[in-house]
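What follows is a single chain, given as C-alpha cells, in the form predicted on its own.
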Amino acid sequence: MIAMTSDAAVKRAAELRDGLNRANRLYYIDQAPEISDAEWDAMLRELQTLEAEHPELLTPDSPTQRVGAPPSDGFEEVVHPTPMLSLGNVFDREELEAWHRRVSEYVEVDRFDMTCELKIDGLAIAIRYENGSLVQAATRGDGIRGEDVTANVRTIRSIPLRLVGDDVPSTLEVRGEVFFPISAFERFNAERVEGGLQTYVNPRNSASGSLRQLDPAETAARPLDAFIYSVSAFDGDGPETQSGILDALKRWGFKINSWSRVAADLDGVSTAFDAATADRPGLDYGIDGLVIKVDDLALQARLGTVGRDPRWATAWKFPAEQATTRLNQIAINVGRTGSLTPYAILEPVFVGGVTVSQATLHNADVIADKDIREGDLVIVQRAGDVIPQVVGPAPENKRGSDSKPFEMPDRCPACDSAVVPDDEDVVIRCVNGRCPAQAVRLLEHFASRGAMDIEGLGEKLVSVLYRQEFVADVSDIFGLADRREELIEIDRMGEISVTNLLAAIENSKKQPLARLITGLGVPHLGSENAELIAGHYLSLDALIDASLRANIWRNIPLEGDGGPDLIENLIGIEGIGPTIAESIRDWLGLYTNLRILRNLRNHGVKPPPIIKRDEDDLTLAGLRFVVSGRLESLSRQEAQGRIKELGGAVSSSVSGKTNYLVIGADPGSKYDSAIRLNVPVLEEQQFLDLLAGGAPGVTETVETRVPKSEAIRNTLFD
C-alpha cells in the first residue's frame, strides 16, 4: 500500500469509517447487508493500517475501537444524570386496570394512548453520546450509581459508535437492554463443551457476566446484542411520544425492537399481551412480559415517579414458570427485627432459568392455609421470575402416616429465647435485643447496597466478624480500621481484601443521611420513608439530639420534646403515619441506639448536609388548602403536589383550620362548606397566581380569615 499524504489519509480514513459503520449498521441492526464479509475485513485492515501510520486519525467512533481498551482492574462508578428507575409489575387484567385507573385519576384524563413493548430479559444499560459519538456506557447498578462499562459496550456490534442523521442531538443519553441471543448462547455453550469448559446456566446471567468482564476482549468474544428503547436526556426539541422516540432512535442508527404496538385502551393492551405470549416461543431472545407506557411524554412528565417506579409505566409479567420437587425441611430465618419467617429447603430443581434449592413460604398462616408439610411433593415457581416460592402440594403428592402439620417454634432458633406474636404484623417475633441472628441480619442490612453500600461486607464476612467479636453493632464497622492487622489474619482475607474493605467502609462515611437511616433498621421504616425522615432531621447531629430527647422522655414521661410532640411532628410529614412515628420514637428512645448514633459520629460518619429550600421559596408555609372540582391546567393531585412543594398543607375536607379552598368545575359540597365557614375561595387562575408568587385575590371576600404566612399576608393586604 502506497503511503498517503496527510490530507489524503484524513479523507480516506473518514471514507473507511463511514463505510464500515454503515456496513455494520446494515448487517447488525437492519439485517440487510450490502457488502460481503471479505470486503468488510479488507476495509477494516486498510483503516487499521492508516491509523497505525497516522495515529492522529484514531477517533473514538472508529470501527477499529470495538476492542481497543486494555484489561481493567475494576469498574469506575458512574452517577446517572437521571435515575434508572425500576418498573412496577401487574400480573393480570384486574391489576392492569387498577394501574390504568391510578394514572387516569392522577392526571384526570380518561383516555390516553399506551405503547406496548416486549420486556427483554437482559441487563439494563445507559449510553451517552456527544456530537454523535459514543462517550460513556454504564450499568443500572442501584439506579442512582452504576459501573462504567464503556470499553465493553463498544464491543457490541449492534450498538453504534457513531450516530447518523441531521437531527441527532449534540448531547444524548439512551437506555436499553443488553442480552445474549438464545441461538448464540447455545452455540457458545456447545463450544465450551468441546473445549472442556463449564457451561453457563442461562442467557440472562451470561449477558450480565459477559458485560462485566474486566477484559473487553473477553466481552468481545461473546456475541452480545442490544435493543435501545428510550431516551433519558437530550438537548433541543425531540419527539413528543414514546412511539415517536422509537422512530427517532431507529432513524439515528440504533437497533430497536420492531415488536411494538400503540394501544388506545386496555382491550388493545390485552390483545398485545396475547400476541406477545404467542410470539414468545419463536423469539431468539428471552422476554418475561410486556412493558406498557403512557405514550404522551408530556403526560409522563406530569405523572412523575413514586418511590423508584415511574407512575407512567408498568410491566405485565407472564405467569411464573413452575416445577415439582420435594420439600425436605421447613426451616426458620430470624430477621433483623426479630421476626421468625419460615422457608423451604428443597430438593434442587431447575425452574425459570435457575436451580432452586430454597423458597419462601411467607408465614405460618400461608403454610396452614395451603397445608404444606415437610416431605411433601410441592409445586415451586419463581414469582415475577425472581423470588422462588412454594405454590402448594402437587396434585400427585402422597403423605406417609407420620406426616404432621407445621407449627411455628415457641422459642427462637438462634438464641433460645421465648417468642411472642406480633398481631399487627402477623408474625412471631424474638424480642431478645441481644439475639445473635438479629444482630447479624442488621449488620448485613446496614452494609447492603440499598443502605450504606459497603462493598465486600457481605453475609459470610459479617457472620465471621460477629462470631469473632470484631463487631457487635453497626457502629463497630467503622472501628475496623484500627484492627487492620487482626483482620488480615482472618481466613481468606489477606492484605488486598482488607485494604479494599477498609476503603469501602471509609467511602461509606459520606453516604446520604437517608441511606444511613435506612441502614439503622428501624421497624416499619423503609427506604422511601427514610428519605422523608432525613428531610425532617437534615443531619446526623439532629438525629442524635432527637434520640437524646426521646431517651429523657422515656425515663421521665412528660409532655414535650421526645414524646407526644415528637410523634405529632413526625406525623406532620407527608407520608408518615402513626405507626411509623411511634416506631421511630421508640427506636430513638433506646439508650443503646443513642450510643450507636454517637459512636457513628465519633468514627467520622458524616452524611452530607441536606440543604432545605430557602424559607423565602416556601411561600405557602403555614397555610392549609383544600382542592375540589376539576381544574383545567393541572389535576387535583398535581395541584396538591405544588402546594406541598411550597410548604403548604393539604386537607381532604373544609374546616375552620382551612385557609383556602381551591375550586375547579363542579366543586360540590366543599364550596358550600367554605362559604358557611368564611373560608376564602380561589378559582384556578387565582390559585395559579398564588403559586407564581403573585396576589391571588379571593372569589368570596371575607375578613375573618387571616393567612398565617407573612409572605402571603403581605401580598394580600399591603
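For clarity, every value in this text was computed on a predicted model and none was experimentally measured. Each residue number is its position in the shown sequence, starting from 1.
The form predicted together with ligand IVH exists for this protein as well; it is not shown, and the discussion that follows is about that form.
S.K.: Select, from the options 95 to 103, 470 to 478, 286 to 294, 517 to 525, the stretch whose residues sit within 4.5 angstroms of ligand IVH in the predicted complex by heavy atom distance.
M.R.: It is the stretch 286 to 294.
S.K.: Taking Leu85, Glu117 and Ala124 as the candidate spot, are all three within 4.5 angstroms of ligand IVH in the predicted complex by heavy atoms?
M.R.: Checked in the predicted complex: all three residues contact ligand IVH.
S.K.: Which one of Pro388, Pro310, Gly352, Gly141 is close to ligand IVH in the predicted complex, taking close to mean a heavy atom within 4.5 Å?
M.R.: Answer to the contact question: Pro310.
S.K.: Heavy atom within 4.5 Å of ligand IVH in the predicted complex: which of Asp453, Glu177, Glu173, Asp376?
M.R.: In short, Glu177.
S.K.: So in the predicted complex, does any heavy atom of Phe446 sit within 4.5 Å of ligand IVH?
M.R.: Phe446 lies outside the contact set for ligand IVH.
S.K.: Sequence order please: the residues of 261 to 289 with a heavy atom within 4.5 Å of ligand IVH in the predicted complex.
M.R.: The stretch 261 to 289, when checked against ligand IVH in the predicted complex, contributes no residue at the 4.5 Å heavy-atom cut-off.
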